[in-house]
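One chain comes next, on its own, written out as structure tokens in the form predicted alone.
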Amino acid sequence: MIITSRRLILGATPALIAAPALAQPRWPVRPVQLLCPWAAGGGTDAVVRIIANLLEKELGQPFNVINRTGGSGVVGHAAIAQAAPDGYTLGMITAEICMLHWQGLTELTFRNYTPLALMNNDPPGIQVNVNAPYRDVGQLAEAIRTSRPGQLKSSGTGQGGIWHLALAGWLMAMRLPANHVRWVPSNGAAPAMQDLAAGGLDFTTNSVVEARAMLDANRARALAVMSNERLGAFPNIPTLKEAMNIDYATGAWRGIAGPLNIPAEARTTMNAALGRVFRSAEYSEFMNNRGFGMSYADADGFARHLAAADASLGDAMKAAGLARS
């Protein structure tokens, strides 16, 4: 019996040896690049780096963040879309990918990517000077409705930026022209909040995270957030739905994607790993401590989000005269 068994085992040995040679190694078997279209030290950079750190723990390979900046986000987004579709160059795409083509800055759209997961969304808040007469967003909205076109001023970013479109969308939701409030371009939310605190603006529509310093210093107040639910880091600020019964939400969202046609195993593995990253205590602690909005969608949900965001932002840009024909 022993001899017979040994012969059976030896006879099976070639087949057993051949089987692993036909199998493909599991992805990833080497380091993965995560491209970031925005500069080091910014919000997108911070979010992609915590994701990279946690993916390394999940998948056992380095995830190296590389900043590819320039062209208002075009350079980095193009680098992700044009990468070799082997699963080893992925990146973080942001709301701008649903804006840049409307502005005529690139032919790239969300359709040039394999969506993997939505990981973050920072909705804009509506902030006023601490001494402004508006005690809630309804009072500000009434002042906007009764004002002359261009009488009131707002800011939060440059002309045609995500916070400008947030204002345009809110005005349209109130059945007002998208340019009823005059937009004052700024070099970002920080100078806009300083201008608000100095009395140069009537309100801003940048994220609450970016307004936090002025809110904490009691130089500004947040009246509402353009979100479907209240923010975990700012639970006392109502949504537009709660305060005005307006179903309007937008934000500066961020998600992980790759070029088209990456291997199925890379898609499946990343989708599962990103879900675990999002649900981890480390990710929640990092995001909540910094005030970043926690928002997740898997690959299919992210694809639907991209299509909806592209249509919504396109409508806002057209209405505000910011889209190129």
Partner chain sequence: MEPFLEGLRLVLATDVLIAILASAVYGLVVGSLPGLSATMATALLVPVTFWLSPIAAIATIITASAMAIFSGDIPGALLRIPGTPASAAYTDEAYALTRKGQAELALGAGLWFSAIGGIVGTISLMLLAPALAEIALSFSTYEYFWLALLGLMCATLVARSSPIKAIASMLLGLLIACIGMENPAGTPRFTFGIPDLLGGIEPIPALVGVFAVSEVMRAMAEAEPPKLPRRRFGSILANQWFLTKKYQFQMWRGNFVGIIIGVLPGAGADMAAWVSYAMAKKFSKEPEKFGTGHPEGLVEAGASNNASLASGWVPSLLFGIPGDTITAIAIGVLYMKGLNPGPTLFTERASSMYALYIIFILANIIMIPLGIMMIRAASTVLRAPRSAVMPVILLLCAVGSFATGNNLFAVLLVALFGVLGFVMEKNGYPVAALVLGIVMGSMLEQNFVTSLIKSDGDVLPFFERPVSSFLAALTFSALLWPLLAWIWMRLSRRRSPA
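Residue numbers count along the first chain shown, from 1. Quantities reported herein were computed from a predicted structural model and do not represent experimental measurements.
The following text describes the form predicted together with the partner chain, which does not appear among the structures shown.
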Would T109 count as a contact of the partner chain in the model of the complex, using a 4.5 angstroms cut-off between non-hydrogen atoms?
-> no
Is there any non-hydrogen atom of V29 lying within 4.5 Å of the partner chain in the model of the complex?
-> no
Taking the shortest heavy atom distance, is T146 within 4.5 Å of the partner chain in the model of the complex?
-> no
Taking the shortest heavy atom distance, is T239 within 4.5 Å of the partner chain in the model of the complex?
-> no
Here the chain is shown alone; which of G138, G200, P85, G232 has a heavy atom within 4.5 Å of the partner chain in the model of the complex?
-> G200
Contacting member of R212, R221, H101, H180, with respect to the partner chain in the model of the complex [4.5 Å, heavy atom] | R212
If we take heavy atoms and a 4.5 Å cut-off, which stretch out of 114 to 122, 151 to 159, 221 to 229, 170 to 178 is in contact with the partner chain in the model of the complex?
-> 151 to 159
Can all three of T94, T250 and A264 be found with a heavy atom no more than 4.5 Å from the partner chain in the model of the complex?
-> no
At a 4.5 angstroms cut-off on non-hydrogen atoms, which residues of 216 to 232 are near the partner chain in the model of the complex? List them in order.
-> D216, A217, R219
